[in-house]
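First, one chain by itself in structure tokens, the form predicted on its own.
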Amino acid sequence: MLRQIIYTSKVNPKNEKACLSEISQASAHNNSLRNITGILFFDGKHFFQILEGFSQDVEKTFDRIKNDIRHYEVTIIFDAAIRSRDFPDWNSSMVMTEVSEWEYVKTFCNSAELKSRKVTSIINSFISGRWNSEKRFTKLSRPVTNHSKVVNLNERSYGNFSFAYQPIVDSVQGNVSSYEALLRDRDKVFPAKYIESLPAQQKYHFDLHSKEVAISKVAPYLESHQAVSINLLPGAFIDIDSAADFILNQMSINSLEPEQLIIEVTESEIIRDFQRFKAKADALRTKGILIAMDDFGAGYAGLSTLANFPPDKIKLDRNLVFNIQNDGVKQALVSAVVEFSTKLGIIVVAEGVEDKEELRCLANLGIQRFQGYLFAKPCYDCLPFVTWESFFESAV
């Protein structure tokens, strides 16, 4: 089976320029021994290489490349089986990109008789700078606030259940923008089996009315710029006529401003009656309450949902965030989400950030709000301490 891997990386600044010719020659020699074909670009800072050949040979070659200290931040853009080689007569000689972008791509593709539109498009994206991950990560614009203490909440519960709270941090403002309330049982885990065992109507009633506890526990401790995020299944909107009134009443009882309450609609359930759901959600939005789309990229919502009901906030699922610094496909997807969200005024939050390199990459893609263990784990019946040092270390 033929396989093709396309990746980018950054040249190690300690490399002498003289080493580049050695890299090119060694690449061509090693690839020739394993019948690996492809092409290697270098634009002065970044490498871009296409490897193609029999799967096992390509994998061994790429494993060796990943461990080469002459470059770093190796990011896979494409890795899949292919029908035929795009570069049957090329053994990855290095090409310097010193002419204009479009002229260069046209000249190269014609000279190589390159027929794959996909590969041509990816090459053009590199030449035009779309895969050049220059560091745009900036330090906080002002001193960090409300990060130095753990706040213990009252022990009020909803039957056998209570809530853990996890902060969402704003890297530009330098503060905690909101706290997500996460349902937990007495063992401090999400009671998935219990919820799934409930009949639909009872499940939605439990989902909605438990949020009375979630809101009341944290409301007295929110600062004016902070909000509490609660999760609701779409069915709670659709099947319970009083859902919107219940939420508005909780806002009033707890003396919250509308912007201090965020409804996170989970993607894990299909929205059965979209028009009814939209009407209920719009009733809350007209009062100033924000609607967020939770776990975006992991559930049922797609582009059609965004087109018909753009939320106020999108929370990227952990699966899109994990190891994003080494995954070009995820980077392209997240970059596209950030681009259209920016145009529509939608806030983007990256969930499940656990690694400093993930944080750096996400910030480079334009995200400024983060949630995850890197900053704070969910804290049962309390507001946790936030570890801002991780942010500063990634920002240098």
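Note that residue numbering begins at 1 and tracks the sequence as displayed. For clarity, every value in this text was computed on a predicted model and none was experimentally measured.
The following text describes the form predicted in complex with a small molecule, which does not appear among the structures shown.
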- Message: Only one of these stretches, 149-157, 243-251, 203-211, 79-87, has heavy atoms within 4.5 Å of the small molecule in the predicted complex; which one is it?
- Response: 203-211
- Message: Using a 4.5 Å heavy atom cut-off, which residue among 221, 274, 190, 161 comes into contact with the small molecule in the predicted complex?
- Response: 190
- Position in contact with the small molecule when the complex is considered in the predicted complex, options 232, 215, 227, 284, heavy atoms within 4.5 Å: 232
- For residue 183, is any heavy atom within 4.5 Å of the small molecule in the predicted complex, or not? yes
- For residue 177, is any heavy atom within 4.5 Å of the small molecule in the predicted complex, or not? no
- Task: Considering only heavy atoms, tell me if residue 59 and the small molecule come within 4.5 Å of each other in the predicted complex.
- Result: no
- the small molecule contact at residue 373 in the predicted complex, heavy atom, 4.5 Å: yes
- Looking at the small molecule in the predicted complex, do all three of 75, 328 and 360 come within 4.5 Å of it through at least one heavy atom? no
